[in-house]
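There is one chain below, alone, in structure tokens, taken in the form predicted alone.
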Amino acid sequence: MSIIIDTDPGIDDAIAILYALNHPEQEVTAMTTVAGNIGLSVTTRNAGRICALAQVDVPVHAGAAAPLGKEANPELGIHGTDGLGGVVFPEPLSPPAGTDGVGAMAAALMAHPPQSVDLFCLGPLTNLALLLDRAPEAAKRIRRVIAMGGAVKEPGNVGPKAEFNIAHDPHAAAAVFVAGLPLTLIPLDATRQLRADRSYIKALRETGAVAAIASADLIDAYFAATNGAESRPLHDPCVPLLAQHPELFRMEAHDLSVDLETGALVAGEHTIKVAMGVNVQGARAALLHGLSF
């Protein structure tokens, strides 16, 4: 499958990207970055650093530096000032590509046959909303959008009902929801179930694979922010996992809209495919396998 990854790395973003870059059945044609977990210059550099570690020279295009209708509110407490929890990554193999993120999305979609490119959204949906506005014909060529974001029945993580990616740019999310794209949403209801323990980190290291060892280091950084026996949730790896292993996720149709004030998902008129659960044991095994090639 051909893939564009739209991302704001981010510890769990990095693990998701490493999985996609490493998996032989996922062909990442471009990465676009967005301000979210941290500022745009850092997320763009991090995307290049992740590619360098994977030894894959995927073009990285800087996208939106701020949300559409509000001030940015980065999450430095979890991901650290470098966005990657202090884990050492090599410098990018090449500087960011000249085309901006939205232009790069449009160009890639127009260069491929219609409905042949998936868009993995690991951060706020700002770039996709801008694509819908600036290049609607290109947006219509997306095969499917798989986005991590929102909370349906689970409590939020940046408010009682709001999740970070949607709440960071609720106007963008609202524009995406109404666009009629083939959208699959993976909210906290599913992603909070996928966590790692110390034995899983050990198993990653024992593979000897570069992507798996780096992911073990990243999950270690996630443990630094907890007091329990498991890491923080591995939110973003659920996106490439669902693309590769849809059978591991319990899908439901929900009619949803976005509250523009809080960023919470509310009952609405837009029917969206939502992953409400995940086979945790199967997802852990699939993630380990995909990082171990």
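Note that the structure is predicted; figures quoted are calculated from it, not measured. The first residue of the sequence shown is number 1, and the count goes up from there.
This next part talks about the form predicted in complex with alpha-D-ribofuranose (RIB), which is not shown.
Comment: alpha-D-ribofuranose (RIB) is not present in this chain, but in the predicted complex one of Ala212, Ala190, Met148, Leu84 has a heavy atom within 4.5 Å of it, namely Met148.
Screening 250 to 258, 54 to 62, 40 to 48, 233 to 241 for residues having heavy atoms within 4.5 Å of alpha-D-ribofuranose (RIB) in the predicted complex returns a single hit, 233 to 241. Put simply, Asn157 is close to alpha-D-ribofuranose (RIB) in the predicted complex: some heavy atom of it is within 4.5 Å. Residue contact with alpha-D-ribofuranose (RIB) in the predicted complex: Asn165 places a heavy atom within 4.5 Å of it. Though the partner is left out of this view, Met105 does not reach within 4.5 Å of alpha-D-ribofuranose (RIB) in the predicted complex, counting heavy atoms only. Contact check for Leu122: a heavy atom falls within 4.5 Å of alpha-D-ribofuranose (RIB) in the predicted complex. If you take 5 to 37 and check each residue for a heavy atom within 4.5 Å of alpha-D-ribofuranose (RIB) in the predicted complex, you get Asp8, Asp12, Asp13, Asn37, in sequence order.
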